[in-house]
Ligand SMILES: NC(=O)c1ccc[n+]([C@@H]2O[C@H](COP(=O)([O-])OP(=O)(O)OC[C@H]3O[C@@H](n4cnc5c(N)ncnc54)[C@H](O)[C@@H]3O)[C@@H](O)[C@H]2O)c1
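Consider the single chain below, provided in structure tokens and representing the form predicted alone.
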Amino acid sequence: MGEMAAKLVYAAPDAPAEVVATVDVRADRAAAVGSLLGVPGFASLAEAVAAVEPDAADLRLPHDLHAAAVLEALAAGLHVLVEKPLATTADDARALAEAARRSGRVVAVAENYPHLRTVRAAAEAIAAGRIGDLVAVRSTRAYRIGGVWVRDGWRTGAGSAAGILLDQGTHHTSLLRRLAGDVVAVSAAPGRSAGDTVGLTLRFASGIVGQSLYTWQTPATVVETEATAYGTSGRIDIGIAYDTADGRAVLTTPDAPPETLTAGENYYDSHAVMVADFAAVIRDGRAPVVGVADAQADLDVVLAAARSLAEGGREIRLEEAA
């Protein structure tokens, strides 16, 4: 993710922020990414802070390293953009929230879906009543993980950062919460292995129900309908594209032809939007699109789903799991 951010966001002529250093515990990796941007690489955040006096840190690390890195960056007086999930435990998430509050610094979370035009357009159409009353939502994230995404093994191993629920669950919880509001309860069922296939049933505060399916055991499609919102007078399908610019939100009702709500979009466009939002928040003092409270709410659902898996699929109320 650090390499991707360097290439897609920070190397662009209109980059929303200037990179002054890269950091990696492996000096060769820090130097390699730094060379993409013409900046020095360091083996620790402390060394970088002492040398170049940055304003902020963009943290692209394995899930289980987020909490310690955010705390270190805040202690150094930096604003922080951190990858999802915010943390891997509820205690760590609470500690981060309290540290952010005390620091007075911005903590934003690099959660893609709320920054996508497709998701924003769908949420606006739902709020405007264009599909009538919302009755249900569904999401799917289905592909075969490989390549750079499994390079270091932490996503698919047995560690605290591993498994599809933690890796994809906060993504799609964030997506469905943008469409349907807060989740109050969740139950989960594993596929052949809970590490690579999981299904969730979600109950929302509004009374509607939702379902999510995540699997790493099937070939990906060029454009996948990753979410559908069902209303009393229509539906909205949210198509996400990773290799093309064909992602769209399409509204369908019985009495009119399908309406495309957005221009074509590539999923990875959201990375530049996230960094631009982070920079604007620092400058203007407004709230980020995805802040600590939002990210905590997403993580709460995932942790409750993990508890449901451990307890044979029992529905877990979020207030019970807190």
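Just so it is clear, the model here is predicted, and its values are computed rather than measured. When you see a residue number, it is the position in the sequence shown, counting from 1.
The following text describes the form predicted together with this ligand, which does not appear among the structures shown.
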**Request:** Find the only residue in Asn112, Thr201, Thr197, Thr225 having a heavy atom within 4.5 Å of this ligand in the model of the complex.
**Result:** Asn112
**Request:** Could you spot which one of Ala158, Ala127, Ala245, Val148 gets a heavy atom to within 4.5 Å of this ligand in the model of the complex?
**Result:** Val148
**Fill in**
With a 4.5 Å heavy atom cut-off to this ligand in the model of the complex, the contacting stretch among 128-136, 81-89, 177-185, 229-237 is 81-89
**Joint contact, Lys7, Ala11 and Arg120 to this ligand in the model of the complex, by non-hydrogen atom at 4.5 Å** = no
**Distance check, Ala31 to this ligand in the model of the complex, heavy atom within 4.5 Å** = no
**Request:** Answer for Val281 alone: is it within 4.5 Å of this ligand in the model of the complex, judged on heavy atom distances?
**Result:** no
**Asked** Wondering, does Met1 line up within 4.5 Å of this ligand in the model of the complex on heavy atoms?
**Response** yes
**Request:** Report whether the minimum heavy atom distance between Leu65 and this ligand in the model of the complex is within 4.5 Å.
**Result:** yes
**Item:** Heavy atom contacts to this ligand in the model of the complex at 4.5 Å, residues of 262-285 in sequence order
**Value:** Tyr267, Tyr268, His271
